[in-house]
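Let's start with one chain on its own, the form predicted on its own, as structure tokens.
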Amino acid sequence: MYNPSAANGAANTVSGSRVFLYEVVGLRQNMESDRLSYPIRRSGSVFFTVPYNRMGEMVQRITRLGGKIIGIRPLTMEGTGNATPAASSPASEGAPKSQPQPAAKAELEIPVNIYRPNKPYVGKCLSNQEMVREGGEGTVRHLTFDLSGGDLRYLEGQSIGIIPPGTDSKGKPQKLRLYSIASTRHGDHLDDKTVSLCVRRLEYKHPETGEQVFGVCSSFLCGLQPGDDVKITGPVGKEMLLPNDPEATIIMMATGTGIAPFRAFLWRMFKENNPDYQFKGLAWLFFGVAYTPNVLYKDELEELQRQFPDNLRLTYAISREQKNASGGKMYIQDRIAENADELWQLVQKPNTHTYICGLKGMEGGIDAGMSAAASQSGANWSEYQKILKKQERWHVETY
């Protein structure tokens, strides 16, 4: 963790007994700023075994020596299994000379491209519900499709392709469009026979003619009736998968229909009774929309928060109704800035995963808020974010 004060006095706690393996590159020896009694490699990776209560001190030392942390891996003090030797360093004095490797995770089968565009699965629409309430903007539909006639299976965080009927302007068959899945792997009916989407009808004015234009595939989906056929491909995607860790901290940042994968996450965490996954960690959803009636799944989300107040937090950013600290519109990046100090502490936990889904424009504001918080601890957010991505703990799907 980059916060030195957080480590003070931690040696006698459970956290203080934890050990982490740092992988560092680019170290140099600087006799003026850090007098050491032996040489340090100038290139390649160096590994340091660091007790929890000395992590802040170690990060400061690495920074002084011009190094970059490219990996942080939790180790355990117990056990005599396969050990990986750690490079000797001042920060590892008193620590075991070798540490057991983390236990291998059970391989999870990730289904990909069970159905392809040249041979899609043809399912049927079971339901099509409007999600935008009176006074809201646009139309968003929650659609559920029957999968009982095929072998399409998926995981939370994946997407499926939809091939709309008809041909394009060149007379060729319409190409598929990808949509994030909004249901858990068991489906909304909990029978492993359905998949659901959250689809906003694309609607805009042509920049030259001023004509109102509607998206081909989104209009097709929003206009479906129960019983209508739908050509489905996939599933695809490994970037947004939910870790199978019931103690994890899951931070989710969404705009509009970017809520889809997070609905799947939250339904799996709190609505399903899965014997192999009983979530006991923290889930924090930041959700940005234009108006309150556009808060998709609002009643269900808030009911879950009432039922699980210690495990689920909801933070809305309603741009046309709320004001940020400067008096401007409240966007999701403003909420991130407001909570950046706490988020910075959370992302340093080794089992925290952060997910961003929705409009690409929010990424810059999120980075700005996190950068300001990280800099207060003497850390470089851009570099730390690279570590998170390398550890597969920073997940982004924007458009």
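Only a predicted model underlies this, so the values are computations on that prediction, with no experimental measurement involved. Each residue number is its position in the shown sequence, starting from 1.
Quick note: we don't show the form predicted in complex with a small molecule, though the next part is all about it.
The shortest heavy atom separation between V216 and the small molecule in the predicted bound form is within 4.5 Å. In the predicted bound form, at least one heavy atom of L178 sits within 4.5 Å of the small molecule. At a distance threshold of 4.5 angstroms between non-hydrogen atoms, G328 is out of contact with the small molecule in the predicted bound form. The small molecule is not drawn, but in the predicted bound form it has no heavy atom within 4.5 Å of M269. Comparing 147-155, 115-123, 243-251, 194-202 against the small molecule in the predicted bound form, the single stretch with non-hydrogen atoms within 4.5 angstroms of it is 194-202. Exactly one listed residue, out of S319, Q305, T257, N128, brings a non-hydrogen atom to within 4.5 Å of the small molecule in the predicted bound form: T257. Just one of P309, G227, G135, P207 comes within 4.5 Å of the small molecule in the predicted bound form, counting any heavy atom, and that one is P207.
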